[in-house]
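Consider the single chain below, provided in structure tokens and representing the form predicted alone.
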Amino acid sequence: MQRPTSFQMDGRLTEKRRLNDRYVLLIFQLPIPLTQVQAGQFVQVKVDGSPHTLLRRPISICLLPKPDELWLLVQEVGEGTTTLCALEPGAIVNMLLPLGTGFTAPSLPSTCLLVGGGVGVAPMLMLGQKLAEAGHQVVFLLGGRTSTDLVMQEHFARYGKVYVTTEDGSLGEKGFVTQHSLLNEPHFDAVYTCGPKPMMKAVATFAAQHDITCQVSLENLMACGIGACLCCVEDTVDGHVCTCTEGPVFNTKRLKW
């Protein structure tokens, strides 16, 4: 699939939804509509008003409900993301988008399992939308430490069945996503995942054991987003590649995990 053209533009924040004490959904109006965006691509966001944040922050595209409306799910983990989450509607944010290579849909009607953990659920929402619209059956499996970590479930439910796990058992089944009873009798044609690396490795192992194609969205540290700084390099069967340009989505058969 040909990678869409990337743009630099100023987005205007139209709405901010605080989902819990760590996650904020930022909704931007874009000056030009985006077409041919792939689920799994990301945005490099310029952080103004943060003197110690010199580099742009990479954030997965969560959803494009309309070609000129961008949803970003942001987790507050440092000064840069905290500054972004403190923005109020009307703020103007410069961004590069869409960047990277996204997920590939099955060529035939399929049952697809989408596994997300933490803020890694973000690209799963747009992927679920794209797959459902293409006629695939979508099943979401979302994991968190507690029930408050599981956000936007009503949005996921628009595109497929939703199953959840929590480590403390406060919602859904207790344990990790790879311990969910849904996986006891796998009937999936494709698996997609994004989240903490140990979780993605466990999901990839599950897929390999059952000979199911698996694609992962890596969360390597990205500074430039265009393959210039080499800080996001990943070791693959094809050699060392930049995650921001060759990924962030990879078929797990390419990864030296």
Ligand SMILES: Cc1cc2nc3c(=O)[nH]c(=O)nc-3n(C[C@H](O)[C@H](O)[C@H](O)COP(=O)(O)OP(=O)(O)OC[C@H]3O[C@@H](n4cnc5c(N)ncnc54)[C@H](O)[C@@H]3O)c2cc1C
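Quick note: we count residues from 1 along the sequence shown, nothing fancier. This structure is a prediction, so every number in the text was calculated from the model and none was measured.
Keep in mind the form predicted together with the named molecule is missing from the figure; the text below concerns it.
What I'd like checked is whether P58, Q75 and T81 together line the named molecule in the predicted complex, meaning each has a non-hydrogen atom within 4.5 Å of it.
Every residue of the spot touches the named molecule in the predicted complex.
Exactly one residue in L218, M199, L64, I27 has a non-hydrogen atom within 4.5 Å of the named molecule in the predicted complex; which is it?
Exactly one listed residue reaches within 4.5 Å, namely L218.
Using a 4.5 Å heavy atom cut-off, which residue among L113, L142, A122, L127 comes into contact with the named molecule in the predicted complex?
Here the answer is residue option A122.
Does F42 reach the named molecule in the predicted complex, with heavy atoms at most 4.5 Å apart?
Output for F42 is yes: heavy atoms within 4.5 Å of the named molecule.
Taking heavy atoms only, is M222 within 4.5 angstroms of the named molecule in the predicted complex?
Residue-level check for M222: yes, a contact with the named molecule.
In the predicted complex, which of the stretches 204 to 212, 185 to 193, 30 to 38, 50 to 58 has residues with heavy atoms within 4.5 Å of the named molecule?
So the stretch in question is 50 to 58.
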